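In the block that follows, a single chain appears as structure tokens, in the form predicted alone.
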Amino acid sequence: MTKELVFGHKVPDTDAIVAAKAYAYLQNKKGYDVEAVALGEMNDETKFVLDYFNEKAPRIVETGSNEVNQVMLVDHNEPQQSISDIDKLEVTHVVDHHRISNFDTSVPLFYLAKPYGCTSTILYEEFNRFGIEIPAELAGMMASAIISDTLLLKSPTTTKYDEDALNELVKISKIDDLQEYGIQMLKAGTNVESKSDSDIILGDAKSFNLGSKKVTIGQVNVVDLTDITKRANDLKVAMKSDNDKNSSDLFLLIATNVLDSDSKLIVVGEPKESVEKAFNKSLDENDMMDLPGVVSRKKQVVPPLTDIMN
């Protein structure tokens, strides 16, 4: 059996890294030859998780066709979010919890998509389906991915399946206190003081084709929204520069307070009126907007923008 690589999306978050490691472990147990890799550097939250469970970070790759012919995707399916030479590779498996867009293949494949809050929840069910035991360290990382994607089960993307999976994974893992660990983990990813403007806007950014427009949506977690708003002018300069560099039309940055689940939106580019229509609110004179209760890019930002821009 030929070797395959498995990876999450570009600018990986905790679920993208953990899902790749978990799926590689599962597939290797099933007889495949699979290596988990990453499409970018780990963020601070993910580094905290890997350090906590004494796990190595997967190696970073820019291309895959120089190593393998086949790959498996987790936590994404849209080609613009994937490896740069995805068009030269055969995708054999996909496990994802996002919308399916611009995805097509020339041959049949295994595709598992569920509207859950986290890819690691889907993989937890796959371990159970095949009767494969999850090691304690891997269970802890999978629990961490669910905490990250659902903001400790407070995100509107959270399902009962995520809650059940998290509780079971915590029992298997070495996490003693879920709430204490979860808050500690989420806070680890909120230190923006030492980050550059580019790191903030691109640290968790994804590109979308919405209608005829190319839209970048970044998200940054904080414990105090003023950590972002006081840097708004500089962040907007960085956002415009990224738009120009990548020929994007619109850049949205969502700053989310992980403690109270409120967000502040910063917008650069056009059409800004589409953003205002999507949220039924007006941008202020600084092109910012309050979004109380909005924490999910996948469920609360992309869908209304898609409806308007299509």
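Start at 1 with the first residue shown and count on from there. What you see is a predicted model, and the numbers here were worked out from it, not measured in a lab.
Quick note: we don't show the form predicted together with a further copy of the same chain, though the next part is all about it.
The listed set Pro135, Pro156, Gly211, Pro115 contains one residue whose heavy atoms approach a further copy of the same chain in the predicted complex to within 4.5 Å, identified as Pro115. Of the listed positions (His98, Lys187, Lys206, Arg231), a single one reaches within 4.5 angstroms of a further copy of the same chain by any non-hydrogen atom in the predicted complex, namely His98. Shown here without its partner, the chain carries Gly31, Asn54 and Lys56, none of which come within 4.5 Å of a further copy of the same chain in the predicted complex through any heavy atom. In summary, the region of this chain contacting a further copy of the same chain in the predicted complex, judged by heavy atoms within 4.5 Å and restricted to 101 to 109, 165 to 173, 214 to 222, 232 to 240, corresponds to 101 to 109. At a distance threshold of 4.5 angstroms between non-hydrogen atoms, Lys160 is out of contact with a further copy of the same chain in the predicted complex. For the partner-free chain shown, just Arg129 of 117 to 132 comes within 4.5 angstroms of a further copy of the same chain in the predicted complex, judged by any non-hydrogen atom.
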